[in-house]
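This document opens with one chain alone, in C-alpha cells, the form predicted alone.
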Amino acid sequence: MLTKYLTSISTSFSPFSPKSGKTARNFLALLPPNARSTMSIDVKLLNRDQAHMPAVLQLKFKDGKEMALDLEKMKIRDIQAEVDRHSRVLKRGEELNG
C-alpha cells in the first residue's frame, strides 16, 4: 500500500464490533513504522454503548483530496485498492512534473 501521499488518517471504530473493528485494526497494522512522523494519525475507540455507530475511516492526501470510507461495507482489500488508486495518480503526476 502506498502511504507516501497520505497526510492524515482519522478513524473511529468499536473494538467490540467483529467486522468493522477488525478492518480498522488491519488497516492501521499496514501502516509503516515511521507513519506517525510523516502523517497525522487519530484513532478513536468507541465504547460498548456506542458500538452500534458505524465505523469510519477518513483519509487526507497531499493534493487535498479527502476520502471517507465506510468500514462496515468495505473489506481491507477494498480499502487498499482505493488508497493505491489515488496514490498511483499522485505518483504519476509527480513523475511527470519532475
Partner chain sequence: MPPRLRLRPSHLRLLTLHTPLPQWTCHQCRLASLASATTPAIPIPQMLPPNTPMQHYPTSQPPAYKPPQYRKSQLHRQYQSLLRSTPLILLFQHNNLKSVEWMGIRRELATAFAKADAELGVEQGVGEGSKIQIVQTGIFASALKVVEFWDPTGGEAAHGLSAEAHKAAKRNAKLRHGLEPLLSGPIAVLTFPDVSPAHVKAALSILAPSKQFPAPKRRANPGYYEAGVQNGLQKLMFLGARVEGKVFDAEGTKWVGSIEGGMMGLRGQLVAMLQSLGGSLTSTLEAAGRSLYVTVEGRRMALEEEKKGDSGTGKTKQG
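Numbering follows the first chain given and starts at 1. Computed from a predicted structure; not experimentally measured.
What follows is about the form predicted in complex with its partner chain, which we do not show.
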property	result
4.5 Å heavy atom contact, residue 48 and its partner chain in the model of the complex	yes
4.5 Å heavy atom contact, residue 68 to its partner chain in the model of the complex	no
Its partner chain contact in the model of the complex: residue 53, any heavy atom under 4.5 Å	no
Proximity of residue 36 to its partner chain in the model of the complex, heavy atoms at 4.5 Å	yes
Within 4.5 Å of its partner chain in the model of the complex: residues from 1-36 (heavy atom criterion)	13, 15, 16, 17, 18, 22, 25, 26, 28, 29, 30, 31, 32, 33, 36
